[in-house]
Each structure stands twice: as structure tokens, then as C-alpha cells.
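Here we start with a single chain on its own, the form predicted on its own, put down as C-alpha cells.
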Amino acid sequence: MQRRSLMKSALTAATLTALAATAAFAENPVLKIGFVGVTSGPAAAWGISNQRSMEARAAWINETGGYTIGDTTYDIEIVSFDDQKDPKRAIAGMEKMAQEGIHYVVGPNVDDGAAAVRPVAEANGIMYFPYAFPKSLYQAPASNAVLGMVANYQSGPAIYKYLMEEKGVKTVAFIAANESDPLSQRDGGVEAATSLGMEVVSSNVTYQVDTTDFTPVLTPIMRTRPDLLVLSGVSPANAPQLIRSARELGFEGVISTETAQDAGVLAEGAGDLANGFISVGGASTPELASPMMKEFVQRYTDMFGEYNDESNTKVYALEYILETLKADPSAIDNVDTFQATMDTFEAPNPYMNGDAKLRYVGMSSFGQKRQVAVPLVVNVYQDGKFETLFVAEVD
């Protein structure tokens, strides 16, 4: 009887302690930040990296007491929606954000989705940070979208120029999935390569995203014997299949893409055949990574059991949103104020060593500041992991 009473007392004390902790945690009001993007299907790695980056950073902020904007400290809640790479679902996701009173959203991850949600975002006062490249999203009169990464028409010329100067590349062939995003990126790549003086030997070969045998697709390209094969807008699921097929057909040249990739997927799908594959990486290298970036990587890994390299880029969107709100707290529910703040905004970059700054760029590409400033890191895949090929800046 006495033991039962003691256990009951102990449980009561534990319950009270838990309730007190919950009450203390709940003292902070909640600031909801949305994510609308693809987390299933062949392109899932792109959106999963977004969502995990946001959730890992939000958990870190909440664990350490919250985020202070003006006179208020908030706990950050990430509200996520898988659009399945479907523009109609992306619209539904953005409508959900509007219904919940969310004014700041990360995503979508592809061109069609980012374009589809624009009317909903503008009608409901939502700033959104897509990982999509159409310039029309970021040029006036558009004003509510902010490019969250480096675009293919910015990274492509840098990669091609490097390969021309360092590898003697003179001829290039392009292959793209028969979808608007990859086709748009292919057209941008062809334009960039041509302007640099490269000879484009093939640019009209396409494939369906559910293709499983790429040998007949690649065979006509192989006959042109290009120095460089560009996989325009390739998804992480299709990249290793294309690489494997090209190598098995005897292609010995360079293979590259302007989209971010997953080293684990490449290792599993192509193995050593992927060695030398060039892609845009996360916005960090061991030399650039600050102690805060290293802690972020560790927290992300602890939370999800693995780390996605492109999260070096994806970590930035949430940070930009919160730091810009901190610069003018009235922007929490007023995106007009947020947009006005962007023009002069500057804050220390916590993820890079040195005196790097968070700031908005894009004047050269868009005529207005509608892009986050992140380093352009170009990687080469080698023996199961990415190595840094070179680092550049845009605008």
C-alpha cells in the first residue's frame, strides 16, 4: 500500500513537472512558416531536403528558447504540404497556407508548381521562396517570389566556362525529360553554351520521366560524340540511370547537370560509373562551413539519420525569412513591408566563415532583388561522395 502511494506520488510529481514544462514551452506564441513542395516520387529528394532543413532548424530554435522578433519571442512551427510535383496540388497547398494565415512559405521545388501558386500567393499576401527558375516569377510585375538558390542560367555558364578552360571541352549535347522544367533548363543551357562558343551537337532528344531503359534514348546522342553530356533538369531518381546507360554505351566524356543531386542515390544507382559527374551542390564546403553550419549538419543527421548535401543551400530560406522579419517586425503580417525591407536588408551569415552577409540579390538577372545570396558551389561526385570543384558568386 505504501509502495503504491509512493508510486502515485512520484507519478503525480512527474505529471506536474511535465505540465510545467509544457506550460513553459507554450508561453511563446507560435509563428507558422509553410512549406509546399515535392516530397514523394522521382524528385522527392529536392523537397525532402527543404522540409528536413526547416524542421531541423525550427527544432533547434525552439530548443534554445525561441526566436525574438521585436518585443516578442516565438516558437517556430513548420506547416508542410506534399504537392507531389503536381501544379494543382501545389495550388491546394498554397490555399491551405492562406487558410491558416501563413504569410511566408518555402517552395515549390519545380517550375510548374511555382508558377501555378503565384495568383494564390499574391491574392493572399504570401511571400514564397521557390526552387524554380522561370525569370517571370522574379521580374516585375511579379513581386512575391524569391529564388531560394542559384538558377541554371547562372550556374550553367560557370560550369561550361570551367570545363572549356580546364578540360578542353568544345562540344556539348543536351538531354531532357519531356516536361516543362527540364525543357526550359535545356533551352537555357543551349543558349549559354552557344554564347560561350561551344558547339551544340545535339539538343532535341527527350525522354519520359518513367523511362527505365535509357539505352535507345541515348544512342543517337552518343553518335554525335560530344565532349560534354548535360542532363538538363534531371531528377535525382533519373540521374544515375542516365549516367549508367551513357557509360555502358562507351561514353568517356564529362557528364553534368545544373540541378542538385543526392550522393547516396548516385552511389546506389550508378556506383563508380558516376565518378566525375558534375552537379550544383549545397551552398557550403568544409572550408566555408561555420561552426553553426557544422552544428546544423549534426542536428539534421541526428534527427533524420542521414544528411542531404543540398541542405547546405536549403537551410537558408527559413533563416532569410526570420532575419528579414527581425529587421522590421511589422512585416510578420504585411508582405509589403517585407518587400520594402529586402532592398536594404543585410545581416551576418551564420553558416559561413568570415564576414559573409545574408542579403538579397538578383538585379542582374531580374531587375529587382528577388534572390537569396548563397554561394554557387559546384561539386564533382567521386567514390560515393561529393567533392568541391569550385565556388563562385552570382550578382
Partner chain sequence: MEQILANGVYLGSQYAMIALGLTLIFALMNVLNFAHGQMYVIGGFVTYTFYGQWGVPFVLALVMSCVTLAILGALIERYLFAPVIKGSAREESTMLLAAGIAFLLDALILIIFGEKQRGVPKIVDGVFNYDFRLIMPYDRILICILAILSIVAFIGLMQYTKTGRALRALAQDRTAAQLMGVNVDRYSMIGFALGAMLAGLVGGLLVTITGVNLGMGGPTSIKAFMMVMIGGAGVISGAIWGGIILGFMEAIGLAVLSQYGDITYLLIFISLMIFLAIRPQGLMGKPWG
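Positions refer to the first chain, counted from 1. All values derive from a computational prediction rather than experimental measurement.
This next part talks about the form predicted together with its partner chain, which is not shown.
- With the partner left out here, its partner chain still marks one of 70-78, 115-123, 219-227, 139-147 in the predicted complex; by a 4.5 Å heavy atom cut-off that stretch is 219-227.
- Taking I332, M342, V361, A44 one by one, only a single residue has any non-hydrogen atom within 4.5 Å of its partner chain in the predicted complex, and it is A44.
- For the options P240, G233, G156, G281, the residue carrying a heavy atom within 4.5 angstroms of its partner chain in the predicted complex is P240.
- Proximity of R52 to its partner chain in the predicted complex falls within the 4.5 Å heavy atom cutoff.
- Contact between S180 and its partner chain in the predicted complex is not found at the 4.5 Å heavy atom cutoff.
- A residue is said to contact a partner when one of its heavy atoms sits within 4.5 Å of a partner heavy atom; E295 fails this definition for its partner chain in the predicted complex, lying far away.
- Using a 4.5 Å cutoff between non-hydrogen atoms, D210 counts as a contact of its partner chain in the predicted complex.
- Contact check at 4.5 Å (heavy atoms) against its partner chain in the predicted complex: none of T64, E95 and Y131 pass.
- Residues from 295-328 that approach its partner chain in the predicted complex with a non-hydrogen atom closer than or equal to 4.5 Å are E306, Y307, N308, in the order they occur in the chain.
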